[in-house]
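Shown here is one chain on its own, the form predicted on its own, set out as structure tokens.
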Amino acid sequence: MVGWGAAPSGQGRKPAPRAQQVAASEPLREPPTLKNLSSVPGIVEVNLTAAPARLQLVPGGPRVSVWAYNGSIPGPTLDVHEGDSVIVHFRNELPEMTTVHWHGLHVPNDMDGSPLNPVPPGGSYTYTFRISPGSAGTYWYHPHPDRRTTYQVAMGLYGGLIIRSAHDPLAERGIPERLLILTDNRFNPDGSIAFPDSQSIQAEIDLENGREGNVLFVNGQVAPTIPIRPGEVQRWRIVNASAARVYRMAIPGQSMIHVGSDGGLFEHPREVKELLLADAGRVEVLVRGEEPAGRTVALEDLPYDRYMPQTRPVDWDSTRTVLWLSETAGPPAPRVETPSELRPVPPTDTTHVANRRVIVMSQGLIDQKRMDLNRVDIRARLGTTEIWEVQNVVGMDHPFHVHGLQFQVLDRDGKPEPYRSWKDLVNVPKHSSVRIVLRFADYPGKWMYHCHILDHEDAGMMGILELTR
């Protein structure tokens, strides 16, 4: 069993403030779940529509124009099991083309929702794919159109995706779970979602930093409250759906048990004081209610400097409240043992490596090139394994994402990764490098790899990997 220890409480142009505190104490709401239209076991069939809507985003604020999946922000959660066959009838009622990218999923390339397969306004597309065995974990979906991803996500298009295993050691112990989708946004004085003029200084700052908002949201709420009994253990599935923000999360005075990341559970749980979650990344953690009842503590976003010095926000070093954890009165919850073994995560075989590549990320460029949808940047063969060294040669962090597969991190700046996990995104800090190993098992075609700061992606910090037989 993993123990629970105590954690210590943790120049130039001026950009917009990084975040602000907005008081709110309503209970956390889970996003709705997509209704399965099929009665056949093993088949999940759903309808998903992207369309304009008017919703209240900030407590006490007006209803404003947004874009939403099935009328809600976040969009409804797709909840499926390993082995399920999934059918998503998607309709685009937006005034521009869009896609639905199933972030982190291993699916055929024409089902990936990349900018290579846009859905025109008024059009529809049916995404069909089978959930791979061994892929249980926390994922999400979002638009991925050419050069418009930042705008569409900021307007409200994002949702959660959970893949469940038939044998989950945490679920088998009756540990309750919550899905937490973290985002941020910024607003005009009239309450509408704010976007800078393309010729403004703020637009230049967004292009460099990536778009950050000054209001933080969890499941579309501002600083909601999660009730928890003394001794109760909850499993939190956390998705960072922000366009650029990196969260450095901690609960003052207590530790968390880190049990999983992008591609699901680890082999063994890890007790941690804090967690760093780059945009588009996911973590799974166990949180325990502490004595005494009636205590309220915050899940905090601690300062983290991911920025270029000249455009670093003036209040980047402030600590913000993400949500409140309320220790409720009542009898203590039954003791729950955290299993020491979660699931096997076998290492990817590196004895036969077909290619070793260096991928260089600079500001707005990958390998000194901008995205061209008609160009293939890397060609590889199915059934092979490659090792990529991803180098960040500039003074800000870049999160690196590969579509359509999971990889393992080998080392960071030459230091071996201390534990194995399945990843589809890895944050590469300023002036550092990360080595990853990828196995191209199946699904030929063209796949994207890119920086997941959405403004960088839209500006062309992306390449195409083509897999052939």
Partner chain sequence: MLPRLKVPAYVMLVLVIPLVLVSAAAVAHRDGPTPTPFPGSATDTILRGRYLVMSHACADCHGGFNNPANKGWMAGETGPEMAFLIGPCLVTPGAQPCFHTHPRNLTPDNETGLGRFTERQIFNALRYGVRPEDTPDVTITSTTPGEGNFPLHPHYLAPPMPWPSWRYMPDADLWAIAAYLKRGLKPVHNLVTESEGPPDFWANTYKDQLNIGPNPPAPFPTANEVGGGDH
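Computed from a predicted structure; not experimentally measured. Positions refer to the first chain, counted from 1.
Omitted here: the form predicted together with the partner chain. The next part is about that form.
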{"property": "Answer option from Ser72, Thr311, Thr384, Thr128, heavy atom within 4.5 Å of the partner chain in the predicted complex", "result": "Thr311"}
{"property": "In the predicted complex, the residue from Ser362, Ser318, Gln221, Thr321 that sits within 4.5 Å of the partner chain by heavy atoms", "result": "Ser362"}
{"property": "Partner-proximal stretch of 74 to 82, 172 to 180, 198 to 206, 257 to 265 relative to the partner chain in the predicted complex, 4.5 angstroms, heavy atom", "result": "198 to 206"}
{"property": "Exercise: Val358 in contact with the partner chain in the predicted complex, heavy atom 4.5 Å", "result": "yes"}
{"property": "Partner contact for Gly253 in the predicted complex: the partner chain, 4.5 angstroms, heavy atom", "result": "no"}
{"property": "Exercise: His167 in contact with the partner chain in the predicted complex, heavy atom 4.5 Å", "result": "no"}
{"property": "is_contact(Pro95, the partner chain) in the predicted complex, heavy atom dist at most 4.5 Å", "result": "no"}
{"property": "Contacts with the partner chain in the predicted complex - residues in 429 to 459 whose heavy atoms fall within 4.5 Å", "result": "His431"}
